[in-house]
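This document starts with one chain, in the form predicted alone, laid out as structure tokens.
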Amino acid sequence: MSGSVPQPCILSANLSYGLSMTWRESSDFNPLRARKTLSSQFDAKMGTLGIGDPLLKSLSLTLPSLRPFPSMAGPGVSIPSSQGSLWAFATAPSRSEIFDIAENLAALFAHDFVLEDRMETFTYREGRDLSGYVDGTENPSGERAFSVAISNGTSAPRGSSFAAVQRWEHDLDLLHQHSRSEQDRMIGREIESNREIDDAPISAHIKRSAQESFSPDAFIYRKSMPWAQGEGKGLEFIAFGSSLDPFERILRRMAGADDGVRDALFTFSTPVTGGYYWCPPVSGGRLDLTVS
């Protein structure tokens, strides 16, 4: 493990087009074959690969810091779990390249996995959510991003990371029924200037999710991207951390599970999927599945 480093795409900037894919184990699943495919055939330059708790158990690997995504409830809020076995996320400068990546991954995992979900994503207006608000304003950068997103060997093998993946579906018609001032106060920022609103209500999204307001703090590294498919649209929320605990603390507060105050984001957006994944480090250009 001494030569292991993080998967290179975790901390790289998102490109214009993206792809989020989730698999479950097939009826022909063979753990020895699947482990060989993961550790010797996946090219980490293609994108980021995460292993869910069901697959980790099927591979007879033990990592206590990984767990299934929890279903959660709060006042008027239901947060589902759709925990998968395997997840991949990739971005590229063109849809042509995204198509090729999807085809390559589907072929690579065809023997042991069944594709359960595929969503193409994209960069909207230079990093904004489809609501129009800047996404990831408080994202750490540089060395801080590395320490937030990548394990130092305490909670997981050095160089690995954990991903929290949620698909949120927006009702933009409902959002736009509110005045611009009301929308700003839901989010807690002015849409044009991105300036934080000091007297925003306690239910404002930035008040509910302020990473520095937790004890210990709850910093995560976001790589979310918007999606639009058919009549649906929203945000593929993707966050990396050295453990899953910071994300889960934020989500509990957003749902009002602790204090009964629901994040105003739920006024126009609903989570429809949820999964946790361990993103193994890379050694010699290939995934290192050593957990101890």
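The numbering used is simple: start at 1 and walk along the sequence shown. If you're wondering where the values come from, they're calculated on a predicted model, not measured in any experiment.
Another form, the form predicted in complex with ligand HEM, is not on view; read the next lines as being about it.
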- Note on the structure: The listed residue (137, 179, 96, 193) that reaches within 4.5 Å of ligand HEM in the predicted bound form by any heavy atom is 137
- Query: Of 151, 203, 83, 166, which one comes within 4.5 Å of ligand HEM in the predicted bound form, counting heavy atoms only?
  - Reply: 166
- Message: Just to confirm the contact call: exactly one of 101-109, 152-160, 137-145, 171-179 touches ligand HEM in the predicted bound form at a 4.5 Å heavy atom cutoff, so which is it?
- Response: 137-145
- Item | Output flag, 7, 17 and 89 jointly within 4.5 Å of ligand HEM in the predicted bound form, heavy atom basis | no
- Tell me, yes or no, whether residue 113 is in contact with ligand HEM in the predicted bound form, where a contact means a heavy atom of each within 4.5 Å. no
- Task: May I ask you to check whether residue 273 falls inside a 4.5 Å heavy atom distance of ligand HEM in the predicted bound form?
- Result: no
- Message: My question is simply whether residue 34 lines the interface with ligand HEM in the predicted bound form - judged by any non-hydrogen atom within 4.5 Å.
- Response: no
- Message: Taking ligand HEM as it sits in the predicted bound form, is residue 185 in contact with it (heavy atom to heavy atom, 4.5 Å or less)?
- Response: no
- Task: Would you mind checking 202-238 for residues with a heavy atom within 4.5 Å of ligand HEM in the predicted bound form?
- Result: 205, 206, 209, 210, 211, 220, 222, 235, 237
